[in-house]
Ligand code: COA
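Before any questions on binding or motion, here is one chain by itself as structure tokens, the form predicted on its own.
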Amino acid sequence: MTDHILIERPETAPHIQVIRFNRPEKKNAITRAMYQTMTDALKAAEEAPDIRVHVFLGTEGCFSAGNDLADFLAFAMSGNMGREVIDFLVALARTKKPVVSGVDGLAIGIGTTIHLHCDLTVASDRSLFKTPFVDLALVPEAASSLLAPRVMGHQRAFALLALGEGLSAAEARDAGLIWKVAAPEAVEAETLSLAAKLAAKPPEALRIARDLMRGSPDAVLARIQEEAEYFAAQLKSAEARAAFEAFMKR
């Protein structure tokens, strides 16, 4: 399963680690094994002195369709909620090095909320950000119920997380979810260029500046855990099972 996540070190930017979703046949839907690979990669890069920036990328036309619904339906049927998702979110929230992402096309569920933890995001003008949590009888995750209102205000966050309204790239930029909109063919180059610029800066000064802007991660980590408890409970509910089964029959 590990080839569904590629860990790359660009030759032209050796101080960058790229975590790339590579499951295009499933719209880069994320399985438990993929989460584990990403967690391991983040932790390893945090400890590696020669890596200064984390980068997330997807494939052409799709960043990620979110969690693999077959995995989550299995959770709902078995009553067993795996730790891989939470471990990844905690590792992401605890990063001390900048996180940059590039999006082309679909960014659904955690494919959207992951960018709330990124310092800079470039998205193509054909991208769509959408979080159908409530439609699946679930709740927001990745501390998005805390971070999204901070970034974009209550009403826009409520429309995204509860109403399930999608955001175009331009709307996501206006909401503060992403930094820049680019043509699809330019997203990866723009993203890597930004990461390279960050990697070239004095690392300790950059770390301090980032910490000052982001503040303590304690509230984010607490919200990740609180959301996870509600998410796990809802995942076992009859309404979630019905919503998942209806989705799988489409």
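Counting begins at 1, following the sequence as shown. These figures come from a predicted structure and were not determined experimentally.
Same protein, other form: the form predicted together with the ligand, not shown, and the subject of what follows.
**Q** Indicate whether the ligand has at least one heavy atom within 4.5 Å of a heavy atom of K197 in the predicted bound form.
**A** K197: no, not in contact with the ligand in the predicted bound form.
**Q** Is R32 close enough to touch the ligand in the predicted bound form, meaning at least one heavy atom pair within 4.5 Å?
**A** No - in the predicted bound form, heavy atoms of R32 and the ligand never come within 4.5 Å of each other.
**Q** So in the predicted bound form, does E188 come within 4.5 Å of the ligand, heavy atom to heavy atom?
**A** Answer no; every heavy atom of E188 is more than 4.5 Å from the ligand in the predicted bound form.
**Q** Evaluate G58 for contact with the ligand in the predicted bound form, applying a 4.5 angstroms cut-off between non-hydrogen atoms, and reply yes or no.
**A** Judged by the heavy-atom cut-off of 4.5 Å, G58 is well away from the ligand in the predicted bound form.
**Q** Among L106, L147, L73, I86, which has at least one heavy atom within 4.5 Å of the ligand in the predicted bound form?
**A** The residue in contact is L106.
**Q** Taking 4.5 Å between heavy atoms as the contact cutoff, choose which of L206, M38, I224, A65 touches the ligand in the predicted bound form.
**A** None of the others qualify; the residue that does is A65.
**Q** Thinking of the ligand in the predicted bound form, which stretch from 189 to 197, 24 to 32, 40 to 48, 212 to 220 has heavy atoms inside 4.5 Å of it?
**A** The contacting stretch here is 24 to 32.
**Q** Just to make sure I understand: among 215 to 250, which residues lie within 4.5 Å of the ligand in the predicted bound form, judging by heavy atoms?
**A** In sequence order, F247, R250 come within 4.5 Å of the partner.
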